[in-house]
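One chain comes next, on its own, written as structure tokens: the form predicted alone.
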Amino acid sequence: MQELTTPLTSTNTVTASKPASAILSLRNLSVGFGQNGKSVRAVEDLSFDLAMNKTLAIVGESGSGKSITSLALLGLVHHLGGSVLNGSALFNSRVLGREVDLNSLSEKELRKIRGDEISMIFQEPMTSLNPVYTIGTQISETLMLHRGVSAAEARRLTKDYLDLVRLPDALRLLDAYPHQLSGGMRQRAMIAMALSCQPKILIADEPTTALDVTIQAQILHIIRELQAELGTAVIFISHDMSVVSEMADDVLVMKSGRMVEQGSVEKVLLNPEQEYTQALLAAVPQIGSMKGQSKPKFFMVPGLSEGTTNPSSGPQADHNTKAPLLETKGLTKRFDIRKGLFSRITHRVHAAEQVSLQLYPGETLALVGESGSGKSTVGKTIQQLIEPTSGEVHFDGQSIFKLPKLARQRFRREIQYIFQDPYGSLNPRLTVGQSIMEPALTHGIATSKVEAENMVGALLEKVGLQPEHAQRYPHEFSGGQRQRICIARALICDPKVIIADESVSALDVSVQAQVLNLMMQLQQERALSYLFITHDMAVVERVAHRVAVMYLGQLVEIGSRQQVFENPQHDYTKRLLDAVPHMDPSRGPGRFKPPLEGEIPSPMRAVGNEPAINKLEQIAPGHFVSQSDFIPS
């Protein structure tokens, strides 16, 4: 963004006219933030046409203006303190019965269009959903307002749309509140709400960031079906270039509020002209690129100094030790579900069942699977954030849960956690320096505040920030910078194990590459062990030494990265790998397979209806596979 004090003068003015084939034409859009004659331009002189039944992908890093553009189209930018400085957005409105300029409509007129003719899937489902209303109420309200149906009919349609986005036990979720759903489930509920009125234009702002690859493929297939049936046009905002490759017809690349490059998906992705576009594409992890390689590999980040990282080699795990550093034995966690008039326990969620894993010094063990498979439950149980139902966790040869409570405190220092949402895991009222030093003071690593401050400054430099950044607050940093701060906070205790729970899933590809390079570099220097929890199979292939696959709370396959990726044996593992999008626009959009029919599997079971425990059999040295059947989801 650039601060400007002079009036905007376009160097490439486009006439405010709309081609006959276009459903929406944007001309010279400029959006600014600020007062008193000074304005920070978030978007400047942006123009494009959107045709019916076509998908335009807008890509770029955080702060490039992608989301601000979409909010401006819906007349929502003023809620963030911004304003449309100039430009037009011509749209043929059925509701208003004429061609309109969205930027000149009244709020009353915009309310008729928003959610009906133009819908948006927002990036942050937790902040977009009202926490005091159930999921069913929020989607039903949209249907009653725009489609004029009764409350009973709206509830029935709401269930149909929740089924459409493959939410398990949709009837129960009608009466669930947003906080009772996982991040991926909330995102699917947001998608159901956006699709409910069958809009003419669907704006999808990072719609699949929090979703597993299989659900992602199904959601993208749903969007494609909607286009085929209704001629819906889609503005697809994303940093996942592989998804863009398979979804988009045209691509618009943005940087610092301006258009850098625009053209067909084949032209932009296969023959990018601008250096910035080339850098974005170079940072994308591509499935299959590690074939024949036995250890992780650093990412190439064009335009940045490689420093001490070597892009041709990655950290090597130490498997020569006699015993693993961390081991779980039969780890089980079940959550009770109370129903009925007397709130009796009628069902249990079998989040983790008999999970046995080993993590060796200097190793990255990736734990992969869909939402609800139990990945995060295992990680939080190891970190002692959740008490297990049964089973053991051994660290350095000692059983953590058999020790007195005070003795267990030491292990909280040795095992640190990096959460999925860096902003949510940092206290907004504390400076980042205070947040980072807090564990050091709690565990007695620093004996004084001055010593802790010196440690904070050194760690901030280590993760690519400056010591003076310690005085700033979380909201003053980008997403990638906040994740680096969380890594610094984890490192201040000098841990042996770091549990990274979806730690890079929400980052831009270039920032993601930098953060992963940092984590691998620290692993080389400190012999750190990572339990890397993620649904991004392309990232796993690049950073992991070994891979463990979970399905419905149980392990179904575990082995080296090469064994699991190059010779997958379990049907579920094959399904995960098949669902990974490929950055090959020549294959054309619409590759996604239709969702499978049948009851959606759920880890929730009635009391007394215990799941059968998978038995892992060794089929090759270090490669174990369950012989259990896979129920497609």
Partner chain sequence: MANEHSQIEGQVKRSSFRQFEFVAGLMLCGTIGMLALISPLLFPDGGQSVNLLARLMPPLQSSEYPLGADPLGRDILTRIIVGGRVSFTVGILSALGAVTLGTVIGLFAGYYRGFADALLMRFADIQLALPFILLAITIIAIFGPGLDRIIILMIVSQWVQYARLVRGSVLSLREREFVQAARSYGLANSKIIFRHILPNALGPLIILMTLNVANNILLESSLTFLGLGVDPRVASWGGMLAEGRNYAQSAWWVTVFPGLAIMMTVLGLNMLGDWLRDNLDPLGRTRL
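Positions refer to the first chain, counted from 1. Here the rigid core means the biggest group of C-alpha atoms that line up within 1.5 Å when the two forms are laid on top of each other. All values derive from a computational prediction rather than experimental measurement.
There is also a form predicted in complex with its partner chain; it is not shown, and the following applies to it.
Asks: Taking F33, V40 and F419 together, does each of them reach its partner chain in the predicted complex with some heavy atom inside 4.5 Å?
Replies: All three within 4.5 Å in the predicted complex.
Asks: Just to confirm, G424 within 4.5 Å of its partner chain in the predicted complex by heavy atoms?
Replies: Yes, G424 sits close enough to its partner chain in the predicted complex that at least one of its heavy atoms falls within 4.5 Å.
Asks: May I ask you to state whether T573 is within 4.5 Å of its partner chain in the predicted complex, using heavy atom distances?
Replies: Looking in the predicted complex, residue contacts with its partner chain do not include T573, since no heavy atom lies within 4.5 Å.
Asks: Taking the shortest heavy atom distance, is V149 within 4.5 Å of its partner chain in the predicted complex?
Replies: No - in the predicted complex, heavy atoms of V149 and its partner chain never come within 4.5 Å of each other.
Asks: With the cut-off set at 4.5 Å between non-hydrogen atoms, does R489 touch its partner chain in the predicted complex?
Replies: Because a heavy atom of R489 falls inside 4.5 Å of its partner chain in the predicted complex, the answer is yes.
Asks: Which of 261-269, 334-342, 429-437, 553-561 has heavy atoms within 4.5 Å of its partner chain in the predicted complex?
Replies: Result for this chain: 429-437.
Asks: So which of H347, R412, R166, R114 reaches within 4.5 angstroms of its partner chain in the predicted complex, heavy atom to heavy atom?
Replies: For this set of options, the contacting one is R412.
Asks: Name the single residue among Q180, Q274, T442, Q398 that comes within 4.5 Å of its partner chain in the predicted complex, judging by heavy atoms.
Replies: Among Q180, Q274, T442, Q398, a heavy atom within 4.5 Å of its partner chain in the predicted complex occurs only for T442.
Asks: For the stretch 373-404, return the residues whose heavy atoms include at least one within 4.5 Å of its partner chain in the predicted complex, in the order they occur.
Replies: Contacting residues: K380, Q383, L385.
Asks: Verify the C-alpha shift of H570 between the shown form and the other one: is it 2 Å or more after superposing the core?
Replies: Shift of 2 Å or more: no.
Asks: After a core superposition, would you say I237 shifts its C-alpha by at least 2 Å between the shown form and the other one?
Replies: Shift of 2 Å or more: yes.
Asks: Taking the rigid core as reference, does L281 move its C-alpha 2 Å or further between the shown form and the other one?
Replies: Comparing the forms between the shown form and the other one, which are aligned on their rigid core, L281 does not shift its C-alpha by 2 Å or more.
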